[in-house]
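Consider the single chain below, provided in structure tokens and representing the form predicted alone.
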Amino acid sequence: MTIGTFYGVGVGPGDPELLTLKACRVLREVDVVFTSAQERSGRSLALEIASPHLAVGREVVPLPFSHTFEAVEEGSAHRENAARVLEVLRRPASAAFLTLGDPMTYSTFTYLVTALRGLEPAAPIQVVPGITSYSTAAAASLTPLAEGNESLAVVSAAQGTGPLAAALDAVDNVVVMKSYRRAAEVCDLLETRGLGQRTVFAGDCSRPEAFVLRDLGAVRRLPRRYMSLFLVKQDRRP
């Protein structure tokens, strides 16, 4: 059976100009574009970012996902959406799935691929890397992510600050992602470690409303920002 190629396309952090040349070409050439849509509003920020690069009249299919750890573990939405993708690939047709940032970094795409492989192990899959939010935040704040012999860790604070505490014990510099519900807890830990003056908080990277803060007190006063992260640079020199 002939089957089309499935692409995971990273659309970057927010600025449509930060898509790679390859991402733009793939989005012009594929037959169908899939995107993850918010359950309530149906909005897809990834689609809004990519839309200037889509061919006129391109078929766009929103896929509903529940972005909770329980939903990921249960997996029914990923299996159902993988079946919808496979139906398109078997036309045959090529398809792309849009992801914020990079498809291989905290992305729904990786779970979707696992489900798709379960249905059709031979499905051809390619990934087009995207610019990450933390590289964009580093650029905006002129904060080197790592220099010389320094080490770098990327951790999630979605389920608490345990991973951050472990990373601070082990590496020089840390990126803290998925912190929007735990921002105050992250601030508490960083202040306890004396890192308040060595931390950058960035939100809505590369979008018109983008901002950078170096004051954890100001971070505490902000409303929750989904698209936000911390960059922490320790001075571990003896």
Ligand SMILES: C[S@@+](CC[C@H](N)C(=O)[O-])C[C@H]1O[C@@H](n2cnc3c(N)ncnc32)[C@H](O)[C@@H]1O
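Just so it is clear, the structure is predicted and the values come from calculations on it, not from any experiment. Quick note: we count residues from 1 along the sequence shown, nothing fancier.
Another form exists, predicted in complex with this ligand; not displayed. Remarks below refer to it.
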Interface check vs this ligand in the predicted complex: of V26, M177, L195, V186, the one with a heavy atom inside 4.5 Å is M177
So which of 78-86, 163-171, 116-124, 98-106 is the stretch with heavy atoms within 4.5 Å of this ligand in the predicted complex? 98-106
Residue contact check: D31 to this ligand in the predicted complex, 4.5 Å heavy atom: no
4.5 Å heavy atom contact, A50 to this ligand in the predicted complex: no
Spell out, yes or no, whether the shortest heavy atom distance between T132 and this ligand in the predicted complex is within 4.5 Å. yes
Could you confirm whether V9 comes within 4.5 Å of this ligand in the predicted complex, counting heavy atoms only? no
Could you run down 186-219 and flag each residue that has a heavy atom within 4.5 Å of this ligand in the predicted complex? A202, G203, D204, C205
